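Here we start with a single chain on its own, the form predicted alone, put down as structure tokens.
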């Protein structure tokens, strides 16, 4: 819903992501704040923002697959790990530059996902979830045994570099990862607001009706898997360069479940929802991690390990509460709030 008195005059205005001067101003202020954060935030918080940005790309990819196209994917962490391993392999053995290895990792992950996208296009519900879940168990089996991928010891890589510039410190990596993240978010918005995104939504809401209307359901279901896993592969590549080490234990079923929880909390079928869900759950996790030692010291009779074990219980409870009381996520409440002030002064 646009603010009262604002309406598109052309098709280009109608499909634009940012439509008003206020939105442009807020976007510009947000980008300025985002790219000047290292000037006034401690290194620890910069590291937290970097992790949020990387995970956010994987969650956005899952949002495209699950939230927009309705294809349940429980193996997103494994696809993210595939992108990380391919990126690390190319950088470690062939010493290819950052701008080649990360896209190659995303492309390789998309190609692998085609194998699982084909059967996923033929099944629904629980069977679809089991199809993607299978890759979570195949992933470590493959990369622990393939030659050149480090086995159980993992794979380490050199710092990312663009020409003579090497990204070693947290601050330099922050700018690199933020630029990639902003471009990928814009790419995601462009997809969901295009003809492809409308086809995804039609397939999600009623695939039989979409097929009658001439939409190739098999093609778009497979495409949803490919695009979603491409984002996961890019996130995995950034993960590899951030930690400069890749191991199968970094990408588990536990992480895939949290990715699903993030789009539930943020809101299904919304790129903004994926971003809000990631920032919300990751922020809550960091808050519990920070308060854990303080509470353990204040209440020593409970024990420090109990607080950290309770973190997963609390995060799980948050997801359950959202499923019960706000299944549309935080972004739904945000849309309601926007409607209340955008209709003013004509609420009738």
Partner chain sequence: MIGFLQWTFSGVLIGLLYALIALGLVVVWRSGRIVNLAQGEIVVFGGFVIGTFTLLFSQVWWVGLLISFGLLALVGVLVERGIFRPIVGQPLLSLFMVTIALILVFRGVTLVTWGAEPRSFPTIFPAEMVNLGPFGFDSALFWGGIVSLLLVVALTLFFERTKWGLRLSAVAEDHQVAEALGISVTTAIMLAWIIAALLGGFASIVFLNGKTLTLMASMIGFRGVAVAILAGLESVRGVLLAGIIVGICESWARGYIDPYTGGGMSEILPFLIMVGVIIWRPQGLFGWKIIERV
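Note that the coordinates shown come from a computational prediction; the quantities given were computed from them, not determined experimentally. Numbering follows the first chain given and starts at 1.
There is also a form predicted together with the partner chain; it is not shown, and the following applies to it.
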Classify residue 316 as contacting or not contacting the partner chain in the predicted bound form by the rule of any non-hydrogen atom within 4.5 angstroms, answering yes or no.
yes
Report yes if any heavy atom of residue 27 sits within 4.5 Å of a heavy atom of the partner chain in the predicted bound form; otherwise report no.
no
Classify residue 339 as contacting or not contacting the partner chain in the predicted bound form by the rule of any non-hydrogen atom within 4.5 angstroms, answering yes or no.
no
State yes or no: in the predicted bound form, is some non-hydrogen atom of residue 292 no more than 4.5 angstroms from a non-hydrogen atom of the partner chain?
no
Taking 4.5 Å between heavy atoms as the contact cutoff, choose which of 182, 114, 257, 96 touches the partner chain in the predicted bound form.
257
Candidate from 159, 119, 151, 103 lying within 4.5 Å of the partner chain in the predicted bound form - any heavy atom
119
Just one of 192 to 200, 79 to 87, 249 to 257, 229 to 237 has heavy atoms within 4.5 Å of the partner chain in the predicted bound form; which?
249 to 257
Every residue in 31, 39 and 331 with a non-hydrogen atom within 4.5 Å of the partner chain in the predicted bound form?
no
Just give me the residues of 214 to 242, first to last, that have a heavy atom within 4.5 Å of the partner chain in the predicted bound form.
217, 221
